[in-house]
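Read the single chain below, which is given as structure tokens and is the form predicted alone.
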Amino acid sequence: MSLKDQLLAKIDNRTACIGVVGLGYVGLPLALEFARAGFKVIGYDVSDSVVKALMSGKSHIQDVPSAEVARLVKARKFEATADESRMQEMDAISIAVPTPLAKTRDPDMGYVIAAADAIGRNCRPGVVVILESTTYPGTTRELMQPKLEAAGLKVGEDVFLAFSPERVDPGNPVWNTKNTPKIVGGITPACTEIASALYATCLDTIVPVSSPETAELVKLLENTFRSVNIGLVNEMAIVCDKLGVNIWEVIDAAATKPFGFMKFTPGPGIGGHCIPLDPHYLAWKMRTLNYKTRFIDLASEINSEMPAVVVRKVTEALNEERKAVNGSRILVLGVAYKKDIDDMRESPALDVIRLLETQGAKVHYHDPYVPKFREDGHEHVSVALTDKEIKSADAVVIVTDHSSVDYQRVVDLARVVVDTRNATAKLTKGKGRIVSLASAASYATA
């Protein structure tokens, strides 16, 4: 029996040992799906604290209940380790490590390279390796394949290699790891077949494509599409602001068209690991081919300017109160990158706070999901959203519209509210003014 058939048999009868390298927002949910499907799963992470917490039944990921981690650990279906040598036990390895951008906006492949090197040191014939980390087209073939073949293993015969982009949306109550369609593209047809068979054991829908480059580009297209459209609607917000037209009303009216329009909404900027970063992988790759990605670059420029637009709105609102930003007490509501989650990666709130503090403002924040965070060596701690806290603020800025916040109470008590999320649109106006991100109009009670 060939190595391919042996591996397919192990996958089919659930005797394959599944490894997941990187136990973050992508890796941990995937590891637990494999464990629930009946496999023995070993999760590898370089963080001892993450490993110890998981082995004691404590999840560090909001979408993964600690009780489920504890159940699977107790059932010996899942274990976490920081011991690289445990990779020798794995028949299938999914790599879900971070792929950040350097300050120069070039891809930082350090985590992927470290994972590939570790797998190369411990890999054996008859293993499938699948890269899930978002990256530039060509990474699987140009970076991963040589690492594995340097260990004397021929991809497609001795070891099998594929790319399958993660599609995690933290906090989404409908779409999760299990029911989101899974793209799979292997170096060879055998690689695609094995990787598809593996994921089919625990995920609902598998979408094979012809190559890893196709699979890599699928993820980049998805998030570039979002980035460009968010950039467009953010620019429309600025246009509407200058024309004195309510952008939210324009968007809602446009969304009644049953064809040819998809609703996007403006905001204080973009956050998360995907949308602010993924288009830059493609832009970087194309620069190496002497091509300028104009849409991507322009959308990034517009989106990155939105925190400054918010701060200008705060400045204008304070000026109307005959106050300077310098010395004013500003209360920021929400620092996570989107509502109802604790994820702060690339959050525009960080830029808003930094810009306000640079101008001398005394910034406090409230976020029910983020009790504290450290930025530029300074620790910020969430304040309780008391009546006194709201009343004492010279301006309240809604950056992230968490559902648990009583915005009616905020507008009833605040002097000025700068609303970047349209969270106050349907509320009864309070004693102060509400200034929208995307309209020249500010509202006051009669």
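One rule holds for the numbers: they count along the sequence shown, beginning at 1. Everything quoted here is computed from the prediction, not taken from an experiment.
Omitted from view is the form predicted together with a small molecule, to which the following refers.
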- With the small molecule left out of view, which of K77, K338, R141, H364 would have a heavy atom within 4.5 Å of it in the predicted bound form? K338
- Can you pick the one in F373, F264, Y111, Y369 that has a heavy atom within 4.5 Å of the small molecule in the predicted bound form? F264
- Quick one: find which of 310-318, 282-290, 210-218, 266-274 has residues within 4.5 Å of the small molecule in the predicted bound form by heavy atom distance. 266-274
- Message: Given that the small molecule is not shown alongside this chain, does R226 nevertheless sit within 4.5 Å of it in the predicted bound form, heavy atom to heavy atom?
- Response: yes
- Message: Under a 4.5 Å heavy atom criterion, is K323 part of the interface with the small molecule in the predicted bound form?
- Response: no
- Query: Does the small molecule get within 4.5 angstroms of any non-hydrogen atom of R329 in the predicted bound form?
  - Reply: no
- Message: Would you classify I230 as touching the small molecule in the predicted bound form, given a 4.5 Å non-hydrogen atom cut-off?
- Response: yes
